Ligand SMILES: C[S@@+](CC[C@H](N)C(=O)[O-])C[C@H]1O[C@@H](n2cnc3c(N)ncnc32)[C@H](O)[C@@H]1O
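Take a look at this single chain, the form predicted on its own, given in structure tokens.
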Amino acid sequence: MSRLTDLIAQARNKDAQLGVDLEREFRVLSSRLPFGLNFERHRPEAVELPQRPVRKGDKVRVLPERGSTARGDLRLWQVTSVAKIGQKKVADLEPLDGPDRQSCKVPLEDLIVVAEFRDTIYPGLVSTGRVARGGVDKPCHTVINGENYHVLKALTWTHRGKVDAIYIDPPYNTGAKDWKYNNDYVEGDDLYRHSKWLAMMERRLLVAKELLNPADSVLIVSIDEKEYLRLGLLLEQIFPEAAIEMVTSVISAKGVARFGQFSRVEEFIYFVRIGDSVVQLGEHNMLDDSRSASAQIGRAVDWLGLRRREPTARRGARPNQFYPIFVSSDSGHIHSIGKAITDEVDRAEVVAPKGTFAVWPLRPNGDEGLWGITPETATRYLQDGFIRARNVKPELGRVAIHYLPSGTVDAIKDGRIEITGRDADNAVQAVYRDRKGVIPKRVWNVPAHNAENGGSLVLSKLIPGRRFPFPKSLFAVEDALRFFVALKPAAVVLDFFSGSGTAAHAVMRLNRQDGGRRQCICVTNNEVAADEQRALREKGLRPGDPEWEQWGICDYITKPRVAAAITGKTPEGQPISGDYKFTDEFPMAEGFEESAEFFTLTYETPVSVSHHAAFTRIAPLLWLRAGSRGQRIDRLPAAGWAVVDSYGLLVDVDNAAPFYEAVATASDLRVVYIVTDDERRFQAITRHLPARMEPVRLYESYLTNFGFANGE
């Protein structure tokens, strides 16, 4: 049921006639489908928080009995009070959805907290581990275990408008148990399967849009045939101002045989370019081996035919580009450039200088065409040696006129192409000095993008014995990002459907290739695979139990994979076998000079935040907002202030003088956090800060951000 039909049902319970009238009008409106994508915006999603303590006022669900594999009770209750009865804590519950239910008492251990997406959340982070090889000056990659919608909301405070690239590989909605909606797997026979998927994606993409840099950024979404058409329309609706292209990527040349159908070999990748974002030149054209950027070095430049080839290039279409080029009858060299003639002038009336003959832009059938440049440009090119005549056969009326295109001329002038000599007619001999990038095509057929070799095989080396379904090829993700962050050595990359952590691994490889300082934020949950859940339940385990959580995707796959990539060692401490075989070849056991920290999302109360009770969990957000670099202030400073590598914190505004001195000498400081309820004192303090620093008022900025971020 959609949210609107839920509301109509509630109205009917209170006023039958009102419900009937609303439903009639709803049917009329729903039949008027405008052009574009239409789908049910289902009731807000809800996420279970197994490790969150139950508090008075919480929304909860009742867990099935230990050892039961039955489907859980999805009804929502509200905790009205908590009391100790005997040796157990028991909660009084009131029903939230359904007037026919009675209040009841349930032991706290049998309850699980639920957060709906329309609820206001106040997020925090708890560190669960760290791998450090990158030094204090290099930004730290982060892996966040949490519901990705809520983590995206948290990032609106730390990274609004700061993200350079988002890469996501969302659930493909195959009809198998590949994703959940409101804690239920969406099956293939669900009539609302597609609209549930679209509602899920729309909520996240709308928040993601707030995070992308509006001046220059890209959203990259990998998808397959199940939802690529709907996804394309959804992207058009959410990003109407963006340039959107879809690439077809071959992920398995041997294909997936399907009787009566074409064998599937491909997936699709949407690139949503925002602002000034452009596709940068690459090493290869991504389709075949016909062009390689590195192979261009030392290669002679290409001369192009001067006559325009398109069917519309006929005399009269461009009046200034029909003119004679006079060629010497003796040497075959270009003597001079004639003037353009109007349509009224017969070209036969033009008299060539003595000892020359006129060459016109004639098409193979004899029709009059156009030259590719004006006579003024041709005259300059003749002086500089950028135009020439070859294969001169005046008796047959045939001469090939060649020229260098403007891009090549510009490269000669700025030194990227070197003139090594000149022909007898002064035409330049030139070679490429630097790598000349290749424009990538929209069909990718790259062996390294094979999902098995670049995905499953790589993962099996990093974390042997641990299974993860359909990991993306590391090198496919690396290529997709390279086209947009190759010239951004400090880019911020976000993946909020992180899975095994391929995006973070790809960013590390990009950094190694050019010494970059890019950082990746990975978001995943700790969902246990469907096949394993039944076995765990039969053992009497439930979500929240340590023995259950250890098998979750974040703890079992993502964190170990990222750690292994950095250290070069498997989770068992053994050197990783094998080499990276793409772009640059080196042993996987070398690892990377990078750092990563792992966090779990927490849910705070505004009272605990404003009274410093949640500071240790807010502290990582302060560090993230300042760039995830260097030390972090994890405790309230005894001196009333503290300054670390990238930010400063002033808690006691009456002790601001020494804080000013410390801030003034910290050249790399980006952000200053000032804790005060007094706006005037905040403004007075900011006047003493260097202009390069961003002042942030705590906790007003934090609380306001999430207070306004609770809409559905």
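Quick caveat: nothing in here was measured; it's all calculated off a predicted structure. Throughout, we count residues from 1 along the sequence that is shown.
One more form of this protein, predicted together with the named molecule, exists but is not displayed; see below.
*Asks:* Do residue 472 and the named molecule share at least one heavy atom pair within 4.5 Å in the predicted complex?
*Replies:* Residue 472: contacts the named molecule in the predicted complex.
*Asks:* Hey, in the predicted complex, does residue 154 get a heavy atom within 4.5 angstroms of the named molecule?
*Replies:* Contact with the named molecule, no.
*Asks:* Is residue 217 close enough to the named molecule in the predicted complex to count, meaning some heavy atom within 4.5 Å?
*Replies:* Residue 217 lies outside the contact set for the named molecule.
*Asks:* Counting only non-hydrogen atoms and a 4.5 angstroms cut-off, does residue 324 reach the named molecule in the predicted complex?
*Replies:* Heavy-atom contact with the named molecule at 4.5 Å: absent for residue 324.
*Asks:* Among the candidate stretches 495 to 503, 314 to 322, 70 to 78, 106 to 114, which one is within 4.5 Å of the named molecule in the predicted complex when only heavy atoms are counted?
*Replies:* That would be 495 to 503.
*Asks:* Using a 4.5 Å cut on heavy atoms, which of 563, 553, 480, 404 is close to the named molecule in the predicted complex?
*Replies:* Flagged contact: 553.
*Asks:* Only one of 357, 468, 432, 192 comes within 4.5 Å of the named molecule in the predicted complex by heavy atoms, so just point that one out.
*Replies:* Going through each option in turn, the one that passes is 468.
*Asks:* Going by heavy atoms, what in 122 to 149 lies within 4.5 angstroms of the named molecule in the predicted complex?
*Replies:* Going through 122 to 149 in order - heavy atoms within 4.5 Å of the named molecule in the predicted complex - the hits are 146, 147, 148.
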